[in-house]
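In the block that follows, a single chain appears as structure tokens, in the form predicted alone.
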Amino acid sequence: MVIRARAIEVRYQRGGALAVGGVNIDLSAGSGLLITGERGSGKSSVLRAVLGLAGPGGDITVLGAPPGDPATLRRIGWAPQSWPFAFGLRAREVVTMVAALGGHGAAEADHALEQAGVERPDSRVEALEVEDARRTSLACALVGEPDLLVLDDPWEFPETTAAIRAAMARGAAVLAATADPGGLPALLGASIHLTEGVPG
């Protein structure tokens, strides 16, 4: 099992309101899962709990280890939502740094940029159009053919769909979250809908 989670619970302040509660996940190799819901429903919080960036709360194992385990994180490709890059860097530099953190080289970074369809890899990230910024985020997740892809609010580019299909075909698992599911439910095969932080 790539992800086994029982009763995921996320609170962002000690004693604060529950952001997510009661979410269970069983995600096996070669499978996909989509988390849907309105904006603010807790989708990103579930992904962050799986990655070890929120919590602790619940019983979660990812690739056989607790969330946030450094060795395990090298086997996970993550495409965060929004604009997750430090200004001043070029798109190629961002993806190359992500590659290096996972023990991969420049060739793997260039391959991921090509897979994601990044058309301006030598542009500084602050000058990228939103579409190329989203593609750069996708490229970061694709470096090195990870065992688990975690995609937060993926844009449904043809390259995104192709990358998801290729990942699942080689036995990787894909966990994604979006408020605008489009064709992703059929592609990923299973989904959980959140309403105010709980499945429903």
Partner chain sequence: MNPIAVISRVEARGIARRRWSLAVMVIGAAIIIAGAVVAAGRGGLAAEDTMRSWTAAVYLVAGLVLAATLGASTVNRDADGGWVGMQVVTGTPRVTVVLGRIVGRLLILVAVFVIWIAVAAICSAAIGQGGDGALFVHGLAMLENMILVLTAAALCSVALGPVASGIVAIFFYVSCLSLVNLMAAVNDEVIGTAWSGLITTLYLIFPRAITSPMLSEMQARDAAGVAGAQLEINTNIVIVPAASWLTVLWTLAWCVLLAVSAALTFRRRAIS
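Since this is a predicted model, take the numbers as computed values, not measurements. Residue numbers count along the first chain shown, from 1.
Form predicted together with its partner chain: not shown, discussed below.
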Would you check, heavy atoms only and a 4.5 Å threshold, whether A54 touches its partner chain in the predicted complex?
-> yes
Give a yes/no on whether L101 approaches its partner chain to within 4.5 Å in the predicted complex, heavy atoms considered.
-> yes
Distance check, P80 to its partner chain in the predicted complex, heavy atom within 4.5 Å = yes
Is E93 close enough to its partner chain in the predicted complex to count, meaning some heavy atom within 4.5 Å?
-> yes
Its partner chain in the predicted complex: within 4.5 Å of a heavy atom of each of L113, L128 and V130?
-> no
Given 162 to 170, 44 to 52, 26 to 34, 57 to 65, the stretch touching its partner chain in the predicted complex at heavy atoms within 4.5 Å is 44 to 52
For the heavy atom contacts within 4.5 Å of its partner chain in the predicted complex, list the residues of 73 to 89 involved, in sequence order.
-> L73, R74, I76, W78, P80, W83, P84, F85, A86, F87, G88, L89
